[in-house]
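This document opens with one chain alone, in structure tokens, the form predicted alone.
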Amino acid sequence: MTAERLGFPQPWLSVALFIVWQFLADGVTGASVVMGLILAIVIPLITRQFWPDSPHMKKPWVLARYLVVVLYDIVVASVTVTILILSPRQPRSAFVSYPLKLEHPLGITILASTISLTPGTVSADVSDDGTLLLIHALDVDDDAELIRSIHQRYEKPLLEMFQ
């Protein structure tokens, strides 16, 4: 029997809602568990029509590696941006058009969010046809190297997971 048949159209959302509710509640009690279960069932049912078709991850184990790479990059970029801010050197900021190979909207959203989470870069726009992502980088010497790095570190694993 599938999770949707059991009343969980978005099972991962239900799990996340339940866990978040437990963190927000003042301790785990019977009442907080019941309320968490109610929220975990009712919110996905009410919002079902707003969700696109859920993507099926072909290689979910790649997600763990992806998260490790992203967390590492966030730490390294934080240190790099701090050094850049404290140094007298002027950064060379630039807008870079990144050609997307990802086609699924969730994959593109995860890529854009990852880029924005990494200090020193932010996703500014996605083209109407979904083939380009406009990225602003705080300090970039070589646009091609930035594109290559994003493809290798972020988009390639996302392609493995979703395509």
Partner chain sequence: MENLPFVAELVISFLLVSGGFFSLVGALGLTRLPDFYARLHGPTKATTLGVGSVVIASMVYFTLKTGEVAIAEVLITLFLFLTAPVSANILAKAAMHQQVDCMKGTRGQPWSQ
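Note that the rigid core is defined as the largest set of C-alphas that superpose within 1.5 Å between two forms. Residue numbers count along the first chain shown, from 1. On a predicted model such as this, the values are computed, not experimentally measured, just so you know.
FYI, the form predicted together with the partner chain isn't displayed, but the following is about it.
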{"property": "Partner contact for V140 in the predicted complex: the partner chain, 4.5 angstroms, heavy atom", "result": "yes"}
{"property": "4.5 Å heavy atom contact, S97 to the partner chain in the predicted complex", "result": "yes"}
{"property": "Contact flag, E103 vs the partner chain in the predicted complex, heavy atom cut 4.5 Å", "result": "no"}
{"property": "Exercise: V126 in contact with the partner chain in the predicted complex, heavy atom 4.5 Å", "result": "yes"}
{"property": "One residue of V69, L45, L117, V28 in contact with the partner chain, assessed in the predicted complex (non-hydrogen atom, 4.5 angstroms)", "result": "L117"}
{"property": "Core fit, then Q152 C-alpha moves 2 Å or more between this form and the one not shown", "result": "no"}
{"property": "Rigid core fit then L134 CA moved by 2 Å or more between this form and the one not shown", "result": "no"}
